[in-house]
Every structure is written in C-alpha cells, then in structure tokens.
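Okay, here we've got a single chain as structure tokens, the form predicted on its own, with questions on binding and movement later.
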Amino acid sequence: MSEVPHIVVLLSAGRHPVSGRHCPVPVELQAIGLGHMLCGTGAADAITGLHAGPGTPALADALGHGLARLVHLETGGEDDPLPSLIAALREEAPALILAGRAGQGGEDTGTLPYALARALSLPIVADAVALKSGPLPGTLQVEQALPRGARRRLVVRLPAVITVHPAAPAPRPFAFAARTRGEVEQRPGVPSPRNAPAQAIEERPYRPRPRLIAKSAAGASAAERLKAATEAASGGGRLLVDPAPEEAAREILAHLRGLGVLRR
C-alpha cells in the first residue's frame, strides 16, 4: 500500500462513566492515532471523522486530537444512525473505516461496526492494536489483540472495517489550536426511526432465586422428607452464636475439610 489511504474514523456520542457528561470516547481517539501512524506525518487531511446523530458539545473535541475534518450527519435522537452512515460511506468510499471496540454511552452495544460491514459487504477485523502497510498493494497488516495478552498478525485486503482495542497506543494529546483549526461539516442525515421491540421489556429489581429443595425418594416417610428439606435449606454446618475465636477457627477448619478444600 504505497499511497496514503483515505481513512474514516467513526465517532459516537460518549459520556463520562462517572459524571455522565458528554466527552470523546477514548478508544475512538486511539483509532485516530492509529490512522496517523498509518498515514505518516503530514497526512492528517486523509483522515476524516464521521458521526451520525444529534450534536453534542464534546463531539468537536475530537478535532483537537488530530482530525482536520469532521462530518456530522444530523439526525434525531430516536433515529438509527446506521442508514446515515451507510449512505455517507458509500459516497465517500474510504479505503479504511476505523471504529472503537464499543462506545461509551447508555445504549452502545458494539455491534454497529459489524452491521456496517455487513451492509457494505466489507471484511471486518476486531481488536486492532497496530496497523501497517501490507506486503502487497491494497493490503493492510493488522496486529490483533487476543485474550491473555496474546497478539496475532493478519493481512486484510482493503477496503475494510477495523475496530480498535483499548490496548492500542494512547491517543494524541489534545491541542486547542488544532481544535479551533478543524472544520465541522454539517449534513442532514437519513431519518430512520428505530423499530419498536417486538416484545415489551419489563424491568424489575433483582431478587435472589429461592434455593432448590432436595427431593426425597418416592415413598419416603414424613420425617425423611422433612430432613431432606431442612438439610437443603440450611446448607449444612453448625450455628455458633458469639463463639470464642479458637472455637470459631476450629469450626471453620472442620467445615473446609468437609468440603475438601483442606486435606489436613
């Protein structure tokens, strides 16, 4: 891949996990940093931010982390952003689409990049921590994060969708001058009200599940059925009220030996 690719970074409306205030999503800022590492110094114009949804005050802060241009597709708060993103990406036809592993908001599920790749018929690679030009023109080498700190290198043919893992390099520091120089282009999005769920969801407070009572053998006497029910409800052990420390320690050790945790 000798030429500088046209990269689009998907941006979502994030919220701070503690204060709840609008703020950029850290992993999306890391995606901007990966785009800069791939394009090289002086190619910031090749990276475009793309957001679909209502405007937020913190959305333009992404400009201060290395974006020269941000396209905001304005839709209502109840609209699905996917149709607007599909239409814009078909028009832009970028070589690479970068997205966060998951957003940082109340309804983010992390499935939007997969739905987008399916709608655009593009391959998708998840959890990238490094990007590099591939061995052949039009290819990209992706270093993918795996569980327990393992890494795997893949080569994918462009165009493609790549989601970024939080283990990727830290984002570029915020620069107020870059924030003011960046351009925000407002466009109308595609109105697409979300479908109501087929079945209404009922929210209830958590209640511990009742403990199952052991069944006694068929034909057992009333005393045997009462014993089985009592043993299942109590869970075994012996009740001590305000015991001496030595007695409590001996009882704990005996219980652990009974469970097989201690052998001596």
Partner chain sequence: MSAPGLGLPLLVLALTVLAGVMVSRRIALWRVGRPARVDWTRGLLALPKRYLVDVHHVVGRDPYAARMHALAAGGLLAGSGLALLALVPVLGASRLFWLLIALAFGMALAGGFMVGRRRLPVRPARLSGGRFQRLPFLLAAYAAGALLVALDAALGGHLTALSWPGLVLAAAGGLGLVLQLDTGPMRHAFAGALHLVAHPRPARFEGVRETALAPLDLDAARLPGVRLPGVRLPGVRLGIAEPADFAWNRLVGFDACIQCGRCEVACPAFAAGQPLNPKRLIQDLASALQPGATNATYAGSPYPHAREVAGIGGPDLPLVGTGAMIHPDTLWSCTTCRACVEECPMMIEHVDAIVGMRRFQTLELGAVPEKAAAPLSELRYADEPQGRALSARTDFAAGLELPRIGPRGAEILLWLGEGAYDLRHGRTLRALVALLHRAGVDFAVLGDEERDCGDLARRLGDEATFQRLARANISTLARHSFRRILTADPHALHVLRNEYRAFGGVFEVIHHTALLDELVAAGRLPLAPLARAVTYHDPCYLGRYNGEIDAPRRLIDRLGLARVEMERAGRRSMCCGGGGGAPLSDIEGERRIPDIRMAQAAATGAGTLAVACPQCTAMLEGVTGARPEVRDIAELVLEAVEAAPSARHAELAS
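Residue numbers count along the first chain shown, from 1. What you see is a predicted model, and the numbers here were worked out from it, not measured in a lab.
The same protein also exists as the form predicted in complex with the partner chain; that form is not shown, yet it is the one meant from here on.
Is there a non-hydrogen atom of His51 within 4.5 angstroms of a non-hydrogen atom of the partner chain in the predicted complex? Judged by the heavy-atom cut-off of 4.5 Å, His51 is well away from the partner chain in the predicted complex.
Flag Tyr114 as yes or no: does it have a non-hydrogen atom within 4.5 angstroms of any non-hydrogen atom of the partner chain in the predicted complex? So Tyr114 does not count as contacting the partner chain.
If you check in the predicted complex, is Pro135 within 4.5 Å of the partner chain, heavy atoms only? It does not: once the partner chain is placed as it appears in the predicted complex, Pro135 has no heavy atom within 4.5 Å of it.
Is Pro173 one of the residues lying within 4.5 Å of the partner chain in the predicted complex, judged by heavy atom distances? Yes.
Considering the partner chain in the predicted complex, which of Arg187, Arg181, Arg157, Arg194 comes within 4.5 Å of it through any heavy atom? None of the others qualify; the residue that does is Arg181.
Candidate site Val18, Cys23 and His65: all three near the partner chain in the predicted complex by heavy atom within 4.5 Å: Every residue of the candidate spot has a heavy atom within 4.5 Å of the partner chain in the predicted complex.
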